[in-house]
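This document opens with one chain alone, in structure tokens, the form predicted on its own.
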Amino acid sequence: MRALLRLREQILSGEFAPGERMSELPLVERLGVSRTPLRLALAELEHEGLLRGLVGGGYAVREFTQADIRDAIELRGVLEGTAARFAVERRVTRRDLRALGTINDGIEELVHRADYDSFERYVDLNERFHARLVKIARSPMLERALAGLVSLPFAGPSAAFVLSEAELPESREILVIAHRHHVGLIESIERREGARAESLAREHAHLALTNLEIALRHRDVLKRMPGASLIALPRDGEPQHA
């Protein structure tokens, strides 16, 4: 686990370039672990999608297009929408609804503030909200499918938010909308409105696409976000492609 966490962090922070081969011996020395846990970590990161297997054996850092990220976010919306519908169909408990409401009440206190600490707290609460939503769907299969998506750069519910929303006013507005979506999700689940809950969750995921598009217009901010180094970007002056 130590090897996995450290290697994932180093990949997302840009310490390895897209396409770079992950050679075992240098990594053993770099991480201070033996070959067995390193190989397990490399295999897990390939499963997550941050690495790709090479034909002759071994792994290289994966590069993502903007279309890859958009597809991952779109698929996350589909799965989270399904989770919201499952929560309705499988009779979520009052206790779970109260837990979602308590988390979202904490979020409401933060969305109009502009200091960096409040954004960090927002991210923690937002991730807890999404994790709880998936948990109340009571579907281990769905949880596993989502786990593979949210590990990719910018695909998670909070992955691209912290830095851009702390620095870019247009991104801060997304927090207010996100909180309102949460309110609507809780209400629709409580009222057993499965179709509305599913639709809201899918629309909610699209906020990450909006935030990514904002970040793409501010390269200086984008470059400091975790995982940004793995995204293939057009050179300055070239048109953006989906």
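Start at 1 and count along the sequence shown; that's the residue number. No experiment lies behind these values; they were computed from the predicted model shown.
Quick note: we don't show the form predicted together with another copy of the chain, though the next part is all about it.
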Answer range among 75-83, 113-121, 127-135, 99-107 for contact with another copy of the chain, defined in the model of the complex as heavy atoms within 4.5 Å: 75-83
Interface membership of residue 94, another copy of the chain in the model of the complex, 4.5 Å heavy atom rule: no
Another copy of the chain contact at residue 44 in the model of the complex, heavy atom, 4.5 Å: yes
Heavy atom of residue 49 within 4.5 Å of another copy of the chain in the model of the complex: yes
4.5 Å heavy atom contact, residue 54 to another copy of the chain in the model of the complex: no
